[in-house]
Structure formats: C-alpha cells, structure tokens
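Structure 1 and structure 2 below are two forms of the same protein chain, each written out on its own as structure tokens.
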Structure 1
Amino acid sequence: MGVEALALHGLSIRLGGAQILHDVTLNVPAGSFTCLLGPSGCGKTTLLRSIAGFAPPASGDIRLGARSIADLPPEKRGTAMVFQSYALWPHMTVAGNLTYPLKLRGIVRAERDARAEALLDILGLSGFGARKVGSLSGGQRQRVALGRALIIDPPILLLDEPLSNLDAAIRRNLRGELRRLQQRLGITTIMVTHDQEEALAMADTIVLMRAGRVVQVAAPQDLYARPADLDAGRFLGVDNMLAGRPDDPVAAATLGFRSMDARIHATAPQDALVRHGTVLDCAYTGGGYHLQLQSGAEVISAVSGVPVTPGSQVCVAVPTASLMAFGADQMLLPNGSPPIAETVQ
C-alpha cells in the first residue's frame, strides 16, 4: 500500500458525555516513528483508536496521505493496530492469526502459508506456526500481534503500549528490535507509551499529551532539554523546581533542573546556580549518592560521588547549561535556556 503521512486537524472526541480529546492537531510525516507520551488517562489510547476508527470524532478530520479517513469504518481504513492486550484470537493457531488478514483479502492458501512462514522467520518464531496462541510467552504474543498487523503491508502502524505488558529485560531488547524493524520497513508508526524513557529511546518525534490536549511536539533531545512548561518538565524527570532569585545566573520565576545535574561543591563555582543547605538524607544509589537538602523553605535533590553526613551544611551547584527557566505563567522562557548540544548525555 506504500507508506503514508497522517494528519489530524482539530480532532475532538467525546465519549460517554465527557470530552476526552480537545482540538488535537498533529502532523506525522511518512515513514517517521512518533510516540504519544503522557500520563495514564490523558487520552493516548483514545487518540490511537480514533485513527483506527473505533472512536468517532465529534469534530475535526483525520487524513491518511491525500484522503480523509474520518468517515470510513475501521475495516476500510487500512490502519494496522497492535492492541495493548494484543487481542490475539485464541481459537486460531499462530499461523491462523497471522494469515487471517490475508484470507480476508482473498489470497490463496499456498501464498498465505508462505508469507506466514517468512514472517515467522523475521519475528524469530520459526516453527511456531502450528502452536496455539495460549501456549506463547508474553514476548512471543507481542511479536505475533505485531506480525499480524504488518502482514497486510499497512500504510501506517499503530502501537498501543506494545511493550508495557513485558518484563523489564525483554522490554529493553524489544525496544531496539521494534525500532530496527520499523526503520527497515520504513513504515509510518505511532506508538503510545506512558514511559518517557521508552519514548526518548525510540521516537523520531515525541508528542507530549496532557488531559486530552497536545502540550508539545518535539524531537526527544529537544523535549528532554526544553519541556514546554512546568508540568511537562516534572513529567520528564525535572525533579527540582526552585523559585528564581535576583542573583541567579538566569532570570526566571522558576528554575528547573534534574538532580543528576546538581552536585555538591566545596566552594561555589562560576557560571552556575548556587544554593546552600542542610543535608536531610543521603542514600546510596549504586554509582553514587542521592541527597536531599533543606535550603530555606525548599527541598533540593542532588547527587554526590562521596557520602555526606546528614545534618552537615553543603553548597550545591547546577551548571547554567543544565538549567530550565520558566516564566510566571509556568511556560518555558524562550531565552536563557541551554543550547541542545550541551545537554546531550
């Protein structure tokens, strides 16, 4: 069918009397890997389901390539979705699940079997064709669900938290695998996740959502270094939000930074945000120590290479390059934030 771009224009969705999505506008370039990232309940699944045709829009348009698909029934849209529960059919074998979409398209038995065989090879499931889906592990089911979606050669692939039902170890492996597969096929992919690490590791573009709205659309590095507002920052692991002071290196109502960028110093360094405080707590975290400091009315999280006795007075400093400056309206300030290159880990 060929790879196609997806565009949402002012999409609003109401379910059971509640407005779930508010005026979502989004462009997903052909062949890109886009992650919908946001806390649980923010409407990610609903957005994906509306693209697949399972949540009728109250207003707005959905375009796949040149045509509008908003009024088509699900089976006419050609979107291939992998459901969070995988939704494999337990009364069919693995091969039966994989070839059912081909059967619907009137492809003859011999070719169906050949294509299932080839796909099982790609998925690392050779010889599993005759197995019942009930006998597969979580990771194997996930692959079968993915294969079943890919076998129709869809213009767009929709993944709803495809990795969240798996063990942490398998998840890390599959992340890379999924990303490589997507790049090899060059298929336009939208993946839903609530795991920022997953989104940062996999996506070309991250769409940050909150309460049914799109908050920010950015490349992973940009999103990580420049979250659009305070809430976005908190969601992306900016765990320190301090009130700005006149003598700070960057002028802002609120200064945000991650605890790993805040270090203990004997003397206050140049070109850095500096605060003094009393150590409340010092916990070993493997590579180093995680500190909690009381600084005036604020509590600061910081790291240290050596243990620090609780109760001692210390000086904590954050390089200006690692600071995020937010205005009184809680939005990120356009200037005074670090250039992207310096925050790449």
Structure 2
Amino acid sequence: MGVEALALHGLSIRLGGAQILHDVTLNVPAGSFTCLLGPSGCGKTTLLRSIAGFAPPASGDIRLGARSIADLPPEKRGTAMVFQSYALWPHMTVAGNLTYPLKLRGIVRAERDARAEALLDILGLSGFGARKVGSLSGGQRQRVALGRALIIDPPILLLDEPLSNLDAAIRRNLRGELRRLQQRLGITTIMVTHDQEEALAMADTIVLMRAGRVVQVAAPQDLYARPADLDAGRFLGVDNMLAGRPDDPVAAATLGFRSMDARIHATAPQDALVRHGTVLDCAYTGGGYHLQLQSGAEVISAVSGVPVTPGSQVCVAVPTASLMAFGADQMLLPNGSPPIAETVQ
C-alpha cells in the first residue's frame, strides 16, 4: 500500500453561501490513524469530502505528500473513500465490486482477479468472490466496501462513519478488525465519527471539531483527560461542572469531573473535592448505582456500590487527580495534571 502524509493549510469551505469550515490547519502523519470527532453539523464530513475532492476549498491548500491536490478532481487525487452507505452494486458479485475500480483503470482481468483474491484473504472473506453482495451480512458488506477502496493501492484512506449502520456488538468487533487491518497495511487513514468511544478505541490522534473549526488535536488519552475547554469536556462525558469555592483543593472558576469519579463517603476524605447534598434519585445501572444529588443550587451525578435511599444526606468526594480546572474564560487551566495536548484556536 502507498503511504503518504496529509497536510491542510488554512482550509476554508463555503457551501451555498454559508461558511462551513474556517481556516483549518492540520498535519496527518504518514501511516497514522486519525479520527475527526465532533457533534452533527460541526464540519467533519465536509472536511473529509474536501480531502477527497467533493467539496472544493474557498481558500487554503491540501497537500498529499509533496504535492498539492486542492485543485484536482476526485479521480486524480489518488485517495480512496468508504461511504457511510457502502455504495456497493447489488447486481454484482463480491469480486465484481472489488475489481470494478481496476477495470475502470484498464487493468487486465488476470491481475484484477489476482488482486481481488489476495484482498479477500486479507479481509477474512476467502471464497466469497462469487457471492452476490445482497447475500452478505452488514459486517461482510462493510469489509467489501473497504476492500474496494483498498484495491487501488491508495496513499490515503478516507472513512465516513463506516460502522454507523451496524449493530452495537458487530461495531465493537469490527473496530478492532479495522484497526488491525490499518496497522497491518500501514496506510494513512482518516475516519469521521460522532462516537467518542469509537474514536478513543481506534485512533492514534483525534481531531475534535466544533462549528467548522478545529478545537483540539490530541492522542486519545490526552483528549479524554485534558479537554481544551468546557464545551469539549461536556462532549467528552464530563457530566459535572461545579462552581469553584475558596476551600476546594484546586483553584478554578469551574471544576469538572465525570460521575464515575464521584463516590459516596461516610466521612470527607483528604485530597479531594467534597460536597454534601441530598439524594434526589438512585438508579441501578448494572454493577452499581447512579445517583443524582442536590447540593445547594447544583445537581451532582455520582456513583455508589450500594443503593442509597432518595432523601438521604450524603457526602460525595472526587479525588483531586480526577478534577479538571477551567478558568473564567472556560479554557482548561494547568493544575498539575498531565500536560495539555496541542490545541488549535
């Protein structure tokens, strides 16, 4: 497989008179797996389509390796894209779908068939070449769509939410398969997803987007532990945002933490954020209980290993190491946690 780095420089996109992407600059190392993550409408799919050549830039540049591809049509860029719908031809066999891009390129049949057979083996679909795609499961069709993209030996693979049409259990299995295949082939890959768990499990680097801009570029562990601002934290599952107090262990305008890190204690522990409150609700979630507490004007989500009766007065504590400190400008503050990853504003 070809392997090339991708670089975006000041990329802006306008569609129908609206500004969709704003001055996006990004470097994607050769051979890496990068996820574009963000809520619906943030511009991640438009960015992927722009790389593929389906959304021309209003300004900026797209470079694949040493060459600019910003002004090239899709078929001249050398990129390969797997769409959310797979876009397979139901009247063709599996082998016919795989080899069609090679047929368009004038590759002789013997070579087409040989490439398809080798790729089917890599995809775990040996012996499936003569089958019609309509007879395949969702996971198998996803593999065929991926194979059709890979068979042209592209320097970069673009994936537009390729697992979103699959059941949850199949998605979890295919995440690992897709990641292992990418690592085996060493192909530069960019995937769009709105599923943070999917991005955290698969990516070398996550590009968090909001309103057409890149908010943060980080390794999965850094992004999860050190979101750039309050909105990024909320998107990444920081479900508690409390106003800071003078006696808190970390000085901040707002302290964020996830409910899994907030536990009920009989007495207030040391080196922790402590709040007292009244239990509003207690729900069993499998393996434990999720609580909601009223603490002054704030509602806190926490967990407990045992049920707690609503109306009970309790002490909830969060270890200092689990706290995220945000300033008055809503940006993350350095507070002794691991260094914040690169942030693009």
Partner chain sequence: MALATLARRGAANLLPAVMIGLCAFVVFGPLTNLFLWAFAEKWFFPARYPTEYGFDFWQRVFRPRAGAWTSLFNSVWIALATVGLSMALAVPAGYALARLMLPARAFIMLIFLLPQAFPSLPIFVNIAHMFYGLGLNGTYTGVVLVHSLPGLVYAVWIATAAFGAVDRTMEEAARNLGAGPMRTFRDITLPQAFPGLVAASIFVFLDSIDEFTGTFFVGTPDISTLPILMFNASMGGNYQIASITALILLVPSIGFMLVIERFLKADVLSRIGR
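So that the term is clear: the rigid core is the largest set of C-alpha atoms that superpose within 1.5 Å between two forms. This one's a predicted model, so the numbers in the text were calculated from it and none came from an experiment. Here, a residue number simply tells you its place in the sequence of structure 1, counted from 1.
Q: Specify the structure that is the form predicted on its own; exactly one of the two qualifies.
A: The form predicted on its own is shown as structure 2.
Q: Does M92 shift between structure 1 and structure 2 by 2 angstroms or more at the C-alpha, the core having been superposed?
A: Yes, the C-alpha position differs by at least 2 Å between structure 1 and structure 2.
Q: After superposing the rigid core, is the C-alpha displacement of Q183 2 Å or more between structure 1 and structure 2?
A: Moves: no, less than 2 Å.
Q: Using a rigid core alignment, state whether the CA of N165 is displaced by 2 Å or more between structure 1 and structure 2.
A: Shift of 2 Å or more: no.
Q: Quick one: how many Å does the C-alpha of S137 shift between structure 1 and structure 2 once the rigid core is superposed?
A: Displacement of the alpha carbon, after core fit: 2.6 Å.
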